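Take a look at this one chain, the form predicted alone, written out in structure tokens.
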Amino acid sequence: MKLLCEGISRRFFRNGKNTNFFNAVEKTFFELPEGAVTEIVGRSGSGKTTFANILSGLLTPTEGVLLIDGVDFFSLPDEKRSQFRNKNIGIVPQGQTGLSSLTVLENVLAPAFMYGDGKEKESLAKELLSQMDLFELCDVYSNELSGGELRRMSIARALINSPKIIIADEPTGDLDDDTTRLVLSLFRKKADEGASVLIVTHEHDALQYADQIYRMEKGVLSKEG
């Protein structure tokens, strides 16, 4: 599944003496290819997360078009957009996320229950949790997890619907070296199987897994190499 940005930008408005807006993402043309790992690096505040949220369909751009397999994603009605995103895009958000009222297993299965029968994917959820070394915590509630455990849970949750597009924002931020390599190898495997994978990262270890690398600085995206 091919993702293409045509002139995407994002402007935020604010109250200030000198200006009432700033561009978090300048006008950007970008393609996320199938079967490849693409990485975006850059300093904190450079616009990486804003851009990733647009590509994930979580944040509407100020201007420009996001095409997914030729379809203008943001022109879809809200319900269809939500269904499409849930089925096709696996999102690992920045930060630690989990529904505290659900167990680890239930958290991972949540996207599968939204528009389908999550029971059918319980074995896959357990397999993903095993890969993330969380199987023994299936019945633990998410608010009992450490930061690194929450991160691993969110990765398993992002993969539960076998998405064709994976967008991961700092997915290894709370992880030790061994788990970082495990996670990056898993994303590499998903790309080799045909998925379009985007990793936003500051980890130097991640670069060896990438097919192409971009840098974002002050909202401007440029390709390296």
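So that there is no doubt, residue numbering starts at 1 and follows the sequence shown. Everything numeric here is computed off the predicted structure, so don't read it as measured data.
Below: the form predicted together with a small molecule, not depicted.
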All of 12, 24 and 44 within 4.5 Å of the small molecule in the model of the complex, heavy atom check: yes
Taking any heavy atom pair closer than or equal to 4.5 Å as contact, tell me whether residue 170 reaches the small molecule in the model of the complex. yes
Quick one: is residue 157 in contact with the small molecule in the model of the complex, heavy atoms, 4.5 Å cut-off? no
Please determine whether residue 49 contacts the small molecule in the model of the complex, using a 4.5 Å cut-off between heavy atoms. yes
Wondering, does residue 202 line up within 4.5 Å of the small molecule in the model of the complex on heavy atoms? yes
One residue of 131, 94, 103, 83 in contact with the small molecule, assessed in the model of the complex (non-hydrogen atom, 4.5 angstroms): 94
Determine which one of 49-57, 190-198, 160-168, 62-70 lies within 4.5 Å of the small molecule in the model of the complex, judging by heavy atom distances; exactly one does. 49-57
